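Just the one chain here, laid out as structure tokens, in the form predicted alone.
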Amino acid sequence: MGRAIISNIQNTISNGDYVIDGLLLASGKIEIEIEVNSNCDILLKNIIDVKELNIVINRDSNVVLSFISEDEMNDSNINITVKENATLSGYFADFAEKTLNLHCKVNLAEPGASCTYRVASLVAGEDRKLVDISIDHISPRTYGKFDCYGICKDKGKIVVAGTSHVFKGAVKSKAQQNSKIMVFDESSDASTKPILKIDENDLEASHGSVVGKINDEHLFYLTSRGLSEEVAKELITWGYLRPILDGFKEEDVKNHISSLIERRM
């Protein structure tokens, strides 16, 4: 069964699979409200002209938001409000060329709201990319986790900014961040900026950030078994980025993402 197309400026949706194709939108701004107790899977693609996406996930709903970036993105803003006992699972497959400037803010607005957000990014050539993900814990017993895995090669530059803000009164909340960027070349430029803003005592919060060159032992192991250095790097890249495919249902979409990775490698 195919996905229902979302093309209106304002939309209220319930159970089902949906697609937002930027090529079919009449406006660069779109608003979506998920009805109470719904299960939705939303695929976002061709988002070069989507400047603002606002989503409200109402009580007891579960939403998967998966999007693919393969074109330039300038100042795209995604704002998501997650209400009581609702869950957001976000997946961002970034294999765009040249410029990317993405800002995503998730508001865990009511008790029990939950968000997990995974980003995979490949930076090559002279790409310039900014991935900025913020998760605000506004209410008690909220959960937010942000994971970013990236490859930076050639003269590319990437900045990954993650902010977890636990507001006063958001007791029993849990905030996690993990960013890992692997750098292939001396001319590559990668950095992460994890930020924890904590205004409450009764909570759990952690962050991890690693930027480093490709593991020499892994490279040696593969080349010692007859692989060229180029092929070895490709295999390592696959292992680093391929898990993002878990966020996409259709095999043709997974195959398309795989082809984007191959093209950019």
Partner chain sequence: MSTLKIINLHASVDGKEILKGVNLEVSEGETVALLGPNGHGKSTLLNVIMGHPRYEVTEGSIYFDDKNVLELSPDERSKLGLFLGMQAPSEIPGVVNSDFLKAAVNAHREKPISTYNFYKVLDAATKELKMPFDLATRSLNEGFSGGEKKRNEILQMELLKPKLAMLDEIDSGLDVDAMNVIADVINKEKAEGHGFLVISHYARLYDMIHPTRAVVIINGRIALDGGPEIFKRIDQTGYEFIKTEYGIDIEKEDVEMNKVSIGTCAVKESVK
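Positions refer to the first chain, counted from 1. Being a predicted model, the structure only gives us computed values, none of them experimental.
Not on display, but discussed next: the form predicted in complex with the partner chain.
- Only one segment in the set 29-37, 42-50, 57-65, 216-224 has any non-hydrogen atom within 4.5 angstroms of the partner chain in the predicted bound form, and it is 216-224.
- Checked against the partner chain in the predicted bound form, the candidates 203, 211, 196, 236 yield a single residue with a heavy atom inside 4.5 Å, and that residue is 236.
- In the predicted bound form, at least one heavy atom of residue 242 sits within 4.5 Å of the partner chain.
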